[in-house]
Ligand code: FUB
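Here you get one chain, nothing else, as structure tokens; it is the form predicted alone.
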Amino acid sequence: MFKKSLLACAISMAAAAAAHAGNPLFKDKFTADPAALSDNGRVYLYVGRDEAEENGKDYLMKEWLVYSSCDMKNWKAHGSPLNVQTFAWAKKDAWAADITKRDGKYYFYSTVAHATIPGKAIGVAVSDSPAGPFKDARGSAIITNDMTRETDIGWDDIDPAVFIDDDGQAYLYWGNQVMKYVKLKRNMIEADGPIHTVAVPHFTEATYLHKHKGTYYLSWSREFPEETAYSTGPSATGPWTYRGVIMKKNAVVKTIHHAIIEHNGKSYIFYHNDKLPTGGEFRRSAAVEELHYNPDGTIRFIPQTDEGPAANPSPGCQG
């Protein structure tokens, strides 16, 4: 009886620990550049896997991983839904990505190094399931480095962010040093018109676009080391009014790449930091916080926490 009580207590403690798992979200792998999707009561989180050694001098990223949660606390690993080899025209670098759903299909926009066109490029993959597997939707990049001439760097076409407006028009935002966007055709794999540039203060990278109660929010990583800032506007293309910084820079790692979603009536911001043991510039860790709006629609400053948000279970969602 005593052994059974001890076992029951241990199980209860383990369940409690799992239910109150905090930041970083995943303790067994280094995970970076989060992209997120709320779909049918479940949140799906997509991250690049940092595989650099502790003394590594550069990013080593070969694949993306996907996790899901019914309650924003317990996360289920679904493995790797795609990797660099998903794009036959790419040679390396599973960098930052974003995802959206349209007409029952899931479109994943990702940064890779192009095999034949110098510089970074953006590919788009598609799946019938948010957990994948994904396949190349075009057989070629949707954005390549030779399509943009605002800078002379090879990494100015990175960090895609996809947004579908209420009227059905889709937009792809991206960039480093210069923010850019293009309209997408209904098929989600072709540009529909010219590439535009966007002027925001001290833009570095990691654009994100979302809408809340009729207002459009354009957020990005500014300066370097990076902090998260945002503007608001009346449309998906502005004009934009700068509102300020909502998350301060990390202690060690210079990047902070974020994604913002609404789920079960609450808003969340995913980001990465350096808080796992041996974490750092090329060994990052995904985390999440609840995001709050002030009565005037501005976003309240978001401190990084160890505990993360409170549980927010979806009715009927299991596992």
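As the structure is a computational prediction, the values presented were derived from the model and not from experiment. For every residue, the number given is its place in the sequence shown, counted from 1.
The same protein has a further form, the form predicted in complex with ligand FUB, not shown here; the description that follows concerns it.
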### Query
Is E205 close enough to ligand FUB in the predicted complex to count, meaning some heavy atom within 4.5 Å?
yes
### Query
For R283, is any heavy atom within 4.5 Å of ligand FUB in the predicted complex, or not?
no
### Query
Is F163 one of the residues lying within 4.5 Å of ligand FUB in the predicted complex, judged by heavy atom distances?
no
### Query
Does ligand FUB get within 4.5 angstroms of any non-hydrogen atom of L45 in the predicted complex?
no
### Task
Choose from 36-44, 289-297, 58-66, 259-267 the stretch whose residues reach within 4.5 Å of ligand FUB in the predicted complex, heavy atoms counted.
58-66
### Task
Please pick, from A96, A125, L172, A121, the one residue with any non-hydrogen atom lying within 4.5 angstroms of ligand FUB in the predicted complex.
A96
### Query
Which one, I158, L184, M247, I143, lies within 4.5 Å of ligand FUB in the predicted complex by heavy atoms?
I158
